[in-house]
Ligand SMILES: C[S@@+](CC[C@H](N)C(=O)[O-])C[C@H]1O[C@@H](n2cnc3c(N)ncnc32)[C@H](O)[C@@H]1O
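Only one chain is given next, in C-alpha cells, and it is the form predicted on its own.
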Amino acid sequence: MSKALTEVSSTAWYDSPLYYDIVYQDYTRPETKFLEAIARKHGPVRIGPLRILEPACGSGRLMESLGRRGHVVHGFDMNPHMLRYAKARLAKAKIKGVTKHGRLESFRCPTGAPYDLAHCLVSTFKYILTERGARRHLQLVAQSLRPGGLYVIGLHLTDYTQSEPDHEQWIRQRQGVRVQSDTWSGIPNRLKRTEACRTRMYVREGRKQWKEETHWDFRTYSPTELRKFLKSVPKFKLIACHDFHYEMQRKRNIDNRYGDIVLVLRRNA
C-alpha cells in the first residue's frame, strides 16, 4: 500500500473539501432540521422560503441541504478550495446559491433583501482571535439580518482548569473513501485567550493512503467570558441555548456543566 509524507499547514484541513465534507456528513441532517425548527420557533413570521446566510460556508453541505428544501442560501468563505467545491456542488444540485470570498470579521454580504437566519456552527466563530474582530463580526451579521432575524452560533466552551489536551475522533466513509480525523485542543492560555489546536486526517482511497495535518489557534471562551462578550454587542439578544445534539427539547445554560453550546441570538429592532 503506497504512503505519502504528512502534509502540515494551517489550512490543510480546509484545502481538502471532499475529506472535510465526509467527516461532517452525519451532522448535515440534524443541523438542517434544527435550523429550520429554530427559525419556526424564534424567527420573524414569514411565508415562503427563508433567506439564509452562512458565514464560513466551507464545503457547502448545509447550503445544499437547505437549498434542496427550498430556502434561499448565500454564503462566504475565505478558502478558495472550499468555495470552488461549494459552487460546484450547488451547480450540480441545480441550486441557485451565492458564494463569495470573505473573512468572518470583514465580509460583505451579497446584495438583496435582508436575511431571516444566519448560522455558524462547529466552533468556526473561534477562529476570530481578537475581541474587536469578534464584535465586528456580530455587528456585520446584525446588519445583514432583518429585525427579529436570528443568528445561530455553535462553539466549544473553555475550561481553564483543563490539564491535558482534549481529543476527539471521527471515522467516516463515502464511496470507497475512508477518512479518520483526530483533533486535539491544547491546554488553554488564559492570559492570551488562545488554545493551540491540531487535526490529523488519515485518508484512504483504494490502495493509496496519506495524512494531512492542520495546526491553528482558537480564541477561548469560558462561560463568564462568553456572557460578557454577548453583552458587549447590544444589537443581539440571547434568547435560547442548546448543544451539539441539536435537539430542540434539550435546553442549556451558559455554564461549565458541558463542553459545547449553541447560541440563538435575535437581532433587535
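Just so it is clear, the model here is predicted, and its values are computed rather than measured. Start at 1 and count along the sequence shown; that's the residue number.
The protein also exists as the form predicted in complex with the named molecule; that form is not presented, and the subsequent description refers to it.
S.K.: Decide whether residue 212 counts as a contact residue for the named molecule in the model of the complex under a heavy atom distance cut-off of 4.5 Å.
M.R.: It does not: once the named molecule is placed as it appears in the model of the complex, residue 212 has no heavy atom within 4.5 Å of it.
S.K.: With the partner left out here, check for me: in the model of the complex, does some heavy atom of residue 177 sit within 4.5 Å of the named molecule?
M.R.: Because no heavy atom of residue 177 falls inside 4.5 Å of the named molecule in the model of the complex, the answer is no.
S.K.: Does any heavy atom of residue 124 come within 4.5 Å of a heavy atom of the named molecule in the model of the complex?
M.R.: Taking the distances in the model of the complex, the answer for residue 124 is yes, it comes within 4.5 Å of the named molecule.
S.K.: Please check if residue 79 has a heavy atom lying within 4.5 Å of any heavy atom of the named molecule in the model of the complex.
M.R.: Contact check for residue 79: yes, within 4.5 Å of the named molecule in the model of the complex.
S.K.: Check for me whether the named molecule, as it appears in the model of the complex, comes within 4.5 angstroms of all of 58, 61 and 104 - heavy atoms only.
M.R.: Yes.
S.K.: Look at the stretches 152-160, 189-197, 90-98, 70-78 and give the one with heavy atoms within 4.5 Å of the named molecule in the model of the complex.
M.R.: Correct option: 70-78.
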